[in-house]
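The chain below stands alone and is given as structure tokens, in the form predicted on its own.
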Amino acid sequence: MLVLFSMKNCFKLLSNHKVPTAGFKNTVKNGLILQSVSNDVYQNLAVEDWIHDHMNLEGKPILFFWRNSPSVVIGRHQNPWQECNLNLMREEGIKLARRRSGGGTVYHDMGNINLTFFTTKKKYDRMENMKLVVRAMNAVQPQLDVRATKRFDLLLDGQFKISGTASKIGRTTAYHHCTLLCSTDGTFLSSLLKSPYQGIKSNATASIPSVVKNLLEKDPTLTCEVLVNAIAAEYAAYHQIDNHINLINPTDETLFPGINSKAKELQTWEWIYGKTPKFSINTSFNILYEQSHLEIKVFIDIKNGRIEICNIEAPNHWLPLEICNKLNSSFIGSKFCPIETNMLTSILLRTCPEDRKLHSKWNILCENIKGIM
């Protein structure tokens, strides 16, 4: 059951401010079930941050449902160049987000349900949450063969992954979130979560590829709406709270003071790319120039998303060593991204405005460098 009403007083009572216990019990009883009205990945991730940072969850667990427009979400300690096809994402306008929990990379769209279970650190129990989801699905379709694994994933028919999981454990609070594939675009999922970049060496957390399947393929009645309602009902029964799904607007500063600044931070280059663990790229590519095939070798060290060491080697007869060194030194300290490379290329071209042949070579080289970014 969906309920549209102002949650302001409920959240005031749930937050860490000192409030009378009686007032809390009269207002929210034992917990809440929330659902976001937004499909923006940064806004919804900001809700997770806000609840984790500001709420007193003692005896008041929270279940949060949210769905996003097409986006790729990487784990806190992951490398986006290693995990997804950034060039394709830019072409298709797919958002990239880095969450604050660990775990692997996932693709979100409106056919995927995200569930976040908030509890105190003491009450944190991922397996219990996964069992709850399984019970909810079996309540809708008793013949459904869904089981939780030791990795806290959900498998359909013993082989198809329909849910991945990740978590964040704070000093006193914790949350566990998982996906649930209902009617996700499988073609997009597989193409976006396949990195085309070669020669990456990194200690970042790597995702484990899995064979996935949508629940809707198994049973056409298992829509997102049906599953959300079933899980909410099971959660309400388990925690003995009202089966009301409360709709929230994650941009509402009266509800979540300071939340928009959290959402903005999650969108910054410094957070999405700059938090990537140090890595290196050792690769090469061939270019065709005046009917000749030339090999270009590239070695780059990246720290905090910025180029720390750059060594691009081109055949000396094609691009003189001093010109190559100039290119290498110009990259040092710059962001490892196509936009910054465009800017650097423009600046370098201005240093020799009359040399059209050099312009052509520089453009070819930089276009290929952008291809690995």
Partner chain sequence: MLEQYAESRLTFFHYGADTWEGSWLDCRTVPSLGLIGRLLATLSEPAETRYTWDSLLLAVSDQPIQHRPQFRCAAWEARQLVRRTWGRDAGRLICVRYFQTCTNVYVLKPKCVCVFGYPSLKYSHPHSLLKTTAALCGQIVQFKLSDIGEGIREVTVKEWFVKEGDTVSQFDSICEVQSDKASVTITSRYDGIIKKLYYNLDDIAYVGKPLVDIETEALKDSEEDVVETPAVSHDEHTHQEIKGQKTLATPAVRRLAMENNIKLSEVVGSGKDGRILKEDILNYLEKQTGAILPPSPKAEIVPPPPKPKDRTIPIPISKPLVFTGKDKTEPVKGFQKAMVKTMSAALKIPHFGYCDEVDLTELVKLREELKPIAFARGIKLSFMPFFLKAASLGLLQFPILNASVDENCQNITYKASHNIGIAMDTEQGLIVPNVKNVQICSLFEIASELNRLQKLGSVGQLSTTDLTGGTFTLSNIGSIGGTYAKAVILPPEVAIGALGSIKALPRFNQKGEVYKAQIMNVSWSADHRIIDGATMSRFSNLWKSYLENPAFMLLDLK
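The model shown is predicted, which means the values in this text are computed figures rather than measured ones. Residue numbers count along the first chain shown, from 1.
Although not depicted, the form predicted together with its partner chain is the subject of the following passage.
K.L.:
Decide if the three candidate residues 36, 40 and 65 all line its partner chain in the model of the complex, where lining means a heavy atom within 4.5 Å.
P.N.:
No: no residue has a heavy atom within 4.5 Å of the partner.
K.L.:
Using a 4.5 Å heavy atom cut-off, which residue among 244, 90, 201, 264 comes into contact with its partner chain in the model of the complex?
P.N.:
When its partner chain is considered in the model of the complex, the option within 4.5 Å is 90.
K.L.:
Of the residues 297, 77, 147, 194, which one places a heavy atom within 4.5 Å of its partner chain in the model of the complex?
P.N.:
Flagged contact: 77.
K.L.:
Taking 4.5 angstroms as the heavy atom distance cut-off, pick the stretch from 41-49, 316-324, 335-343, 57-65 that is near its partner chain in the model of the complex.
P.N.:
In the other structure, the partner sits against 335-343.
K.L.:
Please determine whether residue 133 contacts its partner chain in the model of the complex, using a 4.5 Å cut-off between heavy atoms.
P.N.:
Because no heavy atom of residue 133 falls inside 4.5 Å of its partner chain in the model of the complex, the answer is no.
K.L.:
Within 4.5 Å, heavy atoms only: does residue 250 come near its partner chain in the model of the complex?
P.N.:
Looking in the model of the complex, residue contacts with its partner chain do not include residue 250, since no heavy atom lies within 4.5 Å.
K.L.:
Would you check, heavy atoms only and a 4.5 Å threshold, whether residue 169 touches its partner chain in the model of the complex?
P.N.:
Yes.
K.L.:
Indicate whether its partner chain has at least one heavy atom within 4.5 Å of a heavy atom of residue 347 in the model of the complex.
P.N.:
Residue-level check for residue 347: yes, a contact with its partner chain.
K.L.:
What residues in 132-168 sit within 4.5 Å of its partner chain in the model of the complex, counting heavy atoms only?
P.N.:
If the 4.5 Å heavy-atom criterion is applied to its partner chain in the model of the complex, 132-168 yields 151, 152, 153, 165, 166, 167, 168.
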